[in-house]
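Shown next as structure tokens: one chain only, the form predicted on its own.
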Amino acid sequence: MYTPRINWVLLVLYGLAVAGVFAAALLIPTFRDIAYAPLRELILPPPAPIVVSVLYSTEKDAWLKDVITGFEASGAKVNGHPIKVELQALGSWEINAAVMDGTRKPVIVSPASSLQITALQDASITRTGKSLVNPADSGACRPVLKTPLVLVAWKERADVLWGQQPASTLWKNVHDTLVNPQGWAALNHPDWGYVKFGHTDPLKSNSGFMTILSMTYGYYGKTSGLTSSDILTDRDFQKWFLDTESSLGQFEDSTGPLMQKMITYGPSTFDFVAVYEATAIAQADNAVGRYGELRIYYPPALLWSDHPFCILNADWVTPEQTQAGKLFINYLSSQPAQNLALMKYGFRPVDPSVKLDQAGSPFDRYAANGFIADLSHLPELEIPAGNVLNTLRDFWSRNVTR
């Protein structure tokens, strides 16, 4: 059958176009999606993924693994390349150390608090003249979850120590009860033995460092303006601080095990501990029916664990990884991921459209345990400059470590 010349021409042009698309798809992955699907899957290799490695603190482990599945299934791509997220957990302060000494080279770091980001910024500038992180760039470095430091106590002990809620003199009162050689006998309860308080190791765990920072602010009765001089030159403060810390037993490496130890062994081990609100929420059901009522109490001034995700400004991070990292951070801040963080894991969302008091939220379920959704009546502690944070850590390391 005779085929007009024009049809042959069109057929040749179509064939050249198809071949061109497949050739372009081999060289430029963004063309892959417009290639003919059956042949594409048979002939074209899938584009290599862009790997985004994340060095993160363990407190958000379950939530992070939960949301990564949704992110990778969302089809997010950079220049036609899919994005693969690889996770490695480490203590918050250990993240800083690993990045600074070069033993870890992640694309993103996510300690438990902006405290570590501030300290990392100061340490990297001091050592190299260049900051590894830029908190001012919200596209590449921003918090995605919030949870305050709280005190968890057996109610009968807390009723004696501070009543309904701790007063502004909380940490001075805690010091006085801890160092009193009469222990609970000084408060008319000799059968309770010594007063037992616990927090994690400040050199490894963010909640432990938040605790000693809160204590330091509490000693001076202020919420901002803490300086290195306050720590290094005030002998009265140093004695007060070290007397407090010397009255404590072994420091746990992370917050979860500390909370579990309190619930497992009860007031024979701890009368009260300093942990994250989200950690207390996660263990609320496990504490029922063990050693009496376990309640949480908010310090007189709040210190937030805000879980920043920050893309490193480092020579091992490529522009494509930076783009992929920003897409990942955007996903973590999205409404579905934020709602999951609240409803399943007890974190406060940074997305204001996710309401804390919605039906079934932890603040609804556990209100009787002392959890409070609206904390606007409490002042917040200022995050000091990085050199102040590093001075406080060094002071603890030199004088308390055991």
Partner chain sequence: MKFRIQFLLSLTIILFMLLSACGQLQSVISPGTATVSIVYGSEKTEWLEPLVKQFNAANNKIKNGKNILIKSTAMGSIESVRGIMDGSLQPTVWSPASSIYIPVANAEWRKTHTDDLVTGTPKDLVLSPVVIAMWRPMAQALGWPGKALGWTDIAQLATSSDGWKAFGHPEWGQFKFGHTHPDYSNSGIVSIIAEAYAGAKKQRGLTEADLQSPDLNQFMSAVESSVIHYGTSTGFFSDRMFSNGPSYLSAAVMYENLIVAQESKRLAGTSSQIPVVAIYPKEGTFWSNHPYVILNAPWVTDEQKEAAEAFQAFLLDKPQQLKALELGFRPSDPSVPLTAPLDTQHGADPAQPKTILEVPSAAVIGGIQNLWKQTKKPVDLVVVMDISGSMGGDKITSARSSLMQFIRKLDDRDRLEIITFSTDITTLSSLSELGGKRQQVLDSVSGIFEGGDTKLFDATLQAYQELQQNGDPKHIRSVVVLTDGRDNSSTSSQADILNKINAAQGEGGNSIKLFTIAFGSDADKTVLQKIADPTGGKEYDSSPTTIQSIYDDIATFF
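Keep in mind the model is a prediction, meaning the values are calculated, not measured. Numbering follows the first chain given and starts at 1.
Note that the form predicted together with the partner chain isn't included here; everything after this is about it.
With the partner removed from view, the residue among T216, Q283, S124, T322 that has a non-hydrogen atom within 4.5 Å of the partner chain in the predicted complex turns out to be Q283. Here is the short version: of Q164, N188, T103, S268, the single residue with a heavy atom within 4.5 Å of the partner chain in the predicted complex is S268. Each of R157, K196 and R290 is positioned with at least one heavy atom within 4.5 Å of the partner chain in the predicted complex. Proximity to the partner chain in the predicted complex, taken as heavy atoms within 4.5 Å, picks out 252-260 from the listed stretches 252-260, 106-114, 295-303, 206-214. Of the heavy atoms in S228, none are within 4.5 Å of the partner chain in the predicted complex. The closest non-hydrogen atom of F71 lies beyond 4.5 Å of the partner chain in the predicted complex. In the predicted complex, the partner chain sits within 4.5 Å of a heavy atom belonging to L178.
At the 4.5 Å threshold, heavy atoms of W192 reach the partner chain in the predicted complex.
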